[in-house]
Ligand code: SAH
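Have a look below at one chain only, the form predicted alone, in structure tokens format.
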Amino acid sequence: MAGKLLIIGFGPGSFEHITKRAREAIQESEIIIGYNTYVDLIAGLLSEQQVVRTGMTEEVSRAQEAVRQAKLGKKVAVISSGDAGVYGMAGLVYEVLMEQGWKREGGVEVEVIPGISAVHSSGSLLGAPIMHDSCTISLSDHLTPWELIAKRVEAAGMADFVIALYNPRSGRRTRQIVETQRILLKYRSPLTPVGIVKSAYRDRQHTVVTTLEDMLNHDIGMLTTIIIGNSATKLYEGLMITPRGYQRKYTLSAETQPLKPHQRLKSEAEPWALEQLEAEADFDESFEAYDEEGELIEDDESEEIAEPALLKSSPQAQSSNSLQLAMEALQLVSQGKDSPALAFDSKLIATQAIFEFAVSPGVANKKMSAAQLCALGEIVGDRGDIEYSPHHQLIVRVQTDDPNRITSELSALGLLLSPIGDVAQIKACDFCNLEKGDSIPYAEAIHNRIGNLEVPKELKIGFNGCGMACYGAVQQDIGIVYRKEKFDLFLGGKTVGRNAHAAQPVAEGIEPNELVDLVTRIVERYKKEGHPNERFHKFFKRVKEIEGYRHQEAVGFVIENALCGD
């Protein structure tokens, strides 16, 4: 006669949080099989049952023994803390059954009994941190390759999930939590709320609410669950609260709502919904091109017309102080200190000059969260405009008397801000949606070293993460292609005009530890010796040699007359 497998999740361990069905299943079982610590936690519920207990890393033997006893006709309970189906024993027991050819019809009966998982018991102690989309990630790389775990952390960070970390650190695994913090700081503000809960609802329960930048300064171990908030999570009275989004449609301080129940699901009340976004995507706002003196450009073949920095909604929207304001605000934010050289002109501020700057989600990351877009929209409001550029940037123009506040708010959301004008800019691909991310640190290092550096003329540094170079790095002023764990370098590309040409390949197989310094030297020489408004390809042609790389004349096309003479 076939027996029965009862796979039980008994929650955090406290008796009041064990479900009625879990208690019944334990009591009706003939054999209890579990990890030593788990058996001790439910010892008060045991009576005459046979107990099979093993230590850490013996999960497979426990599952095999449970299946063997069930096949002998016994009713067997396999216990897990939390929920048996969340990093528990349910999956492993099924895997053993599958390996042995188990069939639901005629085989041993299996019942999985849910319990309160660690993410939910910990969340209840922290307030309401999981009110919106969330995910759980185990940092244990004993069974899962670290490379895969890191990709999941990266994806969760980009997607603005509330993240619960299981198995964050052990006696031997200490670097995984450090790497996880590093990855998430690329997408989250350092001040993002973080809750650290040890032994939730057990005798040694301990709870800390801290921040992403400070989390590693607290005790973290195998009995710890860490919950990291998203960009909307707030701290209030020592609790983590993640808003669901009701404030978009409801007035939480009013007893009578401005929108009646029948109005709340109408499309006009939900401009962020998919159907509304698709409708807006059909609207394409056109722009005219103006030169640097504000004159309309009418020659479609002009070299300058395709330069993104010169596309303006109107000449009046331009301000000669926009670059200055952007550079000063960004430096104040990044340096965190005041300097007389960075002081703003009080008369200029009084007139609310137009603050113009570029926004992107990162050097490699190309995905913006809804929270980031909402914040950007609120800042721009009705007095500014946003223009999408071909370089994975949003060009923002807004009237303001406080550019520091704007840059601080957007930087805190993890957005990358850059000035507009004659500066060096890193144009990196998305590294196949970050799947081919080995070279990302070098692209970011180049940006940190020379990104936004003032140069004689706008300078684009293209960066591709593989030899396919599908993002067109080799067409830019300076092209960098990661190939076979080394880098190829291209100099002097020209993207527009009748004599447009790819950059000249000057070096193959540059060692990674040499790349950043090499590119920095090239750009700094261009900054020092380039003539005003001299483009890089012209500078390279004029000086003839940079860092030992000699300029070679690009081969142009020869257009011959047709046979008919036309």
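In case it trips you up, residue 1 is the first one in the sequence shown, and so on. All values derive from a computational prediction rather than experimental measurement.
One more form of this protein exists, namely the form predicted together with S-adenosyl-L-homocysteine (SAH); it is left out here, but the text below deals with it.
The partner is absent here, but in the predicted complex a heavy atom of 86, alone among 445, 86, 183, 212, sits within 4.5 Å of S-adenosyl-L-homocysteine (SAH). Here is the short version: of 193, 361, 82, 157, the single residue with a heavy atom within 4.5 Å of S-adenosyl-L-homocysteine (SAH) in the predicted complex is 82. Taking non-hydrogen atoms only, residue 225 approaches S-adenosyl-L-homocysteine (SAH) to within 4.5 angstroms in the predicted complex.
Although the partner is absent here, residue 168 sits close enough that one of its heavy atoms falls within 4.5 Å of S-adenosyl-L-homocysteine (SAH) in the predicted complex. Mapping the unseen interface onto this chain, residue 77 falls outside it, with no heavy atom inside 4.5 Å of S-adenosyl-L-homocysteine (SAH) in the predicted complex. Using a 4.5 angstroms threshold between heavy atoms, residue 411 stays clear of S-adenosyl-L-homocysteine (SAH) in the predicted complex. Contact with S-adenosyl-L-homocysteine (SAH) in the predicted complex, judged as any non-hydrogen atom within 4.5 angstroms, is confined among 146-154, 387-395, 195-203, 235-243 to 195-203. Residues of 103-122 that come within 4.5 Å of S-adenosyl-L-homocysteine (SAH) in the predicted complex, judged by any heavy atom, are 117, 118, 122 in sequence order.
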